[in-house]
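Read on for two forms of one protein chain; each stands alone as structure tokens, with the labels structure 1 and structure 2.
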Structure 1
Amino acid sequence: MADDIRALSAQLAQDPQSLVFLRLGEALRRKGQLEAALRVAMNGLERHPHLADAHDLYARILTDKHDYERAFDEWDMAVRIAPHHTGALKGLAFLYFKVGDIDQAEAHLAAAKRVEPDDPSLEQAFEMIRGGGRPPSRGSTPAPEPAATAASPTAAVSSGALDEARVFAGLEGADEGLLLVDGAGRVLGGALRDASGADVTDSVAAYLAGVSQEAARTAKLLGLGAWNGLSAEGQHGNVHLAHPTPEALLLVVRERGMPLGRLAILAHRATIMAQRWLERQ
């Protein structure tokens, strides 16, 4: 395997845009080099933020690191990008099972079975769930099964137990640099501060009123189709705009050192959390 890792690393170095990072990240994960695997996965996600397999790889590594909440978000994102992604469906099923939501676990396994009816691991998983057993030990299930380390109840946070009063509860950097507003510029969640620490939430929200409509109009005039997000680099920071719903706008602000690709990944995660929160309201 060491030779494979060296060969894959060399290929990726020659072509950083190559999808070989998926094989390299998985090889590193299987060898237990989780930090190296994590770096490979995150760099790959920066270049391919809409690739479901990249989110699936990242989720499996996070599961090995016992970061079940973020793993749930990544698998959830993979399914939103590719609804028939069996690796992500099986990963979500395992996490739901671990927090005791048997109905959701079976529903996700059933969805995976409709895509791959001949996958023997799915029937084994069904038998395990119906029998109330434990997930298979690590390495006993074929790729792309998630690692079978035991999940903790914190994964329930991602499956719907978020703090109702805080849109972005549990998200990295949730206490700053995130703002959710409606079409009229009214603050729905999050807060912003300027460089001096002064609260500028309301003034920025008012400024954002109507921005979503203007962005849609501009994209239409340019023949770009529907807009999904806008990123911009500033002298002192980077920003990303997204619209969780047609009536809402999400602004993510981070320091200048965060690459736009990583900012887009964070914005995707925040967008999903905002969508869930809005649906519950």
Structure 2
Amino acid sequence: MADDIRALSAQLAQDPQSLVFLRLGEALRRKGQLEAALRVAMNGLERHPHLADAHDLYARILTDKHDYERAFDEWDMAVRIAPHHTGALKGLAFLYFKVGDIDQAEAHLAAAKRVEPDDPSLEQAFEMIRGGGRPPSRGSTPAPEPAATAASPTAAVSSGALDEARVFAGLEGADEGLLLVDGAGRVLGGALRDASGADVTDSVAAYLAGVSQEAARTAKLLGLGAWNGLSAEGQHGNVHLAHPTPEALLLVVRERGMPLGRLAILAHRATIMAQRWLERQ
């Protein structure tokens, strides 16, 4: 654990913009070094104020410090940024349970279950809430601790290891510039690097869920029907966002020289491959 922390600290020092602070903060929190974890989380939040995972990490540390009021605000913010963030939903459920608001606790667990129906920790939390039915007093029956139930950043990263290379095998630029994420912004496959070569996979994935939700809302409220793609030309590159299934998002990033029309064709082919891959999972 100490070696992990040293290695993660070194990585963060090398690239302060990276999302490695999520893993470092979590490692410090698990080791009980709450002040250090707090500093890491706060520094990370300053650099990534719109990242739901950063608010989730901060809230978990605050919960360990028994600062439930601020923890609530942080999880609340995480859910505002990413309404399907199961870690934050479970965290809020835990805090509601702690103050005896069983209805709200169940409602938040139910919302998390809609996102992750197969998460066994949710069933345990439901059982505990329904079985106990009363808020825990200090030192009595443990509540469903968010640290145990929340989707940790490390888990999110490890889910990215699912046969990444094979998702888009055979497609032009399959090893880079293609990213498949789930509705909660977690990586399912692919990888992204910026112009300097830094891995930006996780940070882009985290923002995509918000873009997709806003695209869906915009198309719906403007009477345009369901959205089926979002293309954008940037100063240094072009992107195309599609959704191979209602729960998954696919981002294709290419250099500025690739016209949006060609990018859309490439994205269409990648979408078909992603659909096949998702069906096989």
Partner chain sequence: MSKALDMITRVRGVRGAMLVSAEDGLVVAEQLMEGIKGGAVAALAASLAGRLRRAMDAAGTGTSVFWHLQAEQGALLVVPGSEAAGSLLVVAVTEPDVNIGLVRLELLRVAETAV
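Each residue is numbered by where it sits in the sequence of structure 1, with counting from 1. Computed from a predicted structure; not experimentally measured. Basically, rigid core = biggest C-alpha set you can superpose within 1.5 Å across the two forms.
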Structure, 1 versus 2, that is the form predicted on its own: 1
Spell out whether the Cα of residue 24 moves at least 2 Å between the two structures when the two forms are superposed on their rigid core. no
Yes/no, residue 253 Cα shift of 2 Å or more between the two structures with rigid core fixed: yes
Is residue 243 one of the residues whose C-alpha moves 2 Å or more between the two structures after the core fit? yes
Residue 266 CA shift between the two structures in angstrom, with the core used for superposition: 42.2
